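Okay, so here's just one chain, in structure tokens, the form predicted on its own.
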Amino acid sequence: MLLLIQYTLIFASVLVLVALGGCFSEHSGVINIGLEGIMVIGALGGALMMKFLGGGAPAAVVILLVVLSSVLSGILCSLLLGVAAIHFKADQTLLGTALNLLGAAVAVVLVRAINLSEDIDNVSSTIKYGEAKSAFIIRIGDFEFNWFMLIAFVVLILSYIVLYKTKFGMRLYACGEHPQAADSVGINVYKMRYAGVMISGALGGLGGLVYITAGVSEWKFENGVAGFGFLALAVMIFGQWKPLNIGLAALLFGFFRALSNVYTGFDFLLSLKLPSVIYNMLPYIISLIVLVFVSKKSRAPKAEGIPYDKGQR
């Protein structure tokens, strides 16, 4: 049971971070379907930093540098979406799809190139970071506490405060609901949308790092992030673009994802004799069922996905 709680919290942390990233972007008026690709690039940045730092640096330095590397990688990736969608007014759905494909491809090519430069016979897309990863882990009895759990909780609370208690949040909301009205009172819609997309990239990149460090000490980038970017979008919609609801939805989806890791520890689940693939599919099946019932009643920001043209009012 303790292991189930541990995995639920770490997977929920991933979903909270990435879903909140999508929430900021969509509140600004930009649909970010490219969260999957951003997660991969963020994971790559963090994994490479852990690989080169090794286990010699102090834990605080490792945590700071790895998180910053992941966040900056996610921001840079999200800027591709921002420039194309905001500046060039390209179709945001197509851009997100392209970003997902590009992120996975770039990660595999870069990791293979790095591995080949170190060992001419090593053509794998795997990065090992076991020593550095230990900086994020604290053992409390049989429970493995991960600092990312605390980071995700703090980000959740800060997101609520920023979106509902600050001028920045109100302006971001206005740009996603009625950008022409926001512009008429002096709000720079373009800057606010860039801010939303960059925050989305930062949180998406960090979420990717959390995902690849959940219980493993190496990651094969050919595997990507197993659709967690799309699962985070389902969490965001289920949570109605509200941080606290997103937190609760993430716990629900995180529980079903965790079940696929620990179901062998429950006799009553083993007695069902279900194939392991069923448990792996559970979070995605649940997301489809939830979206069928929720999507019709969901209220997305009115202007999301619509390129803003300052000349049209």
Partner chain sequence: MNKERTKKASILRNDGFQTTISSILCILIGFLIGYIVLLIINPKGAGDAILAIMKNFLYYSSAVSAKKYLGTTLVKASALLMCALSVLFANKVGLFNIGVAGQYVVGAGASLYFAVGLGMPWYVSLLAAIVFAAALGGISGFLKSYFNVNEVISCIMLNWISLYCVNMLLSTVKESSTPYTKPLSSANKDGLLPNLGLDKIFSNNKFVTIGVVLSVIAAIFVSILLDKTKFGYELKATGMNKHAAKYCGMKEKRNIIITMMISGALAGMGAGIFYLSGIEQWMIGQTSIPAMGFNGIAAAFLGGLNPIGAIFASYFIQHITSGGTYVDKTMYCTQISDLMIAFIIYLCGFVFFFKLFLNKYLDKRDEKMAAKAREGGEA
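Numbering follows the first chain given and starts at 1. Here the structure is a predicted model, which is why all the values come from computation and not from measurement.
What follows is about the form predicted together with its partner chain, which we do not show.
- For the candidate set S217, T97, Q240, T126, a heavy atom within 4.5 Å of its partner chain in the predicted bound form is found for exactly one residue, namely T97.
- Out of the listed residues L150, A113, I138, I157, A113 is the one that sits within 4.5 Å of its partner chain in the predicted bound form by at least one heavy atom.
- At a distance of at most 4.5 angstroms from its partner chain in the predicted bound form, none of the three residues L9, F143 and A202 contributes a non-hydrogen atom.
- Taking non-hydrogen atoms only, A60 never approaches its partner chain to within 4.5 angstroms in the predicted bound form.
- Interface residue remark: L288 is counted as part of the site for its partner chain in the predicted bound form, having a heavy atom within 4.5 Å.
- Contact check for F266: every heavy atom lies farther than 4.5 Å from its partner chain in the predicted bound form.
- The closest heavy atom approach of L64 to its partner chain in the predicted bound form falls outside 4.5 Å.
- Shown alone, this chain has one stretch from 67-75, 202-210, 221-229, 130-138 that lies within 4.5 Å of its partner chain in the predicted bound form by heavy atoms: 221-229.
- Using a 4.5 Å cut-off on any heavy atom, the residues of 98-121 that reach its partner chain in the predicted bound form are, in sequence order, A98, L101, L102, A105, V106, V108, V109, R112, A113, L116, I120.
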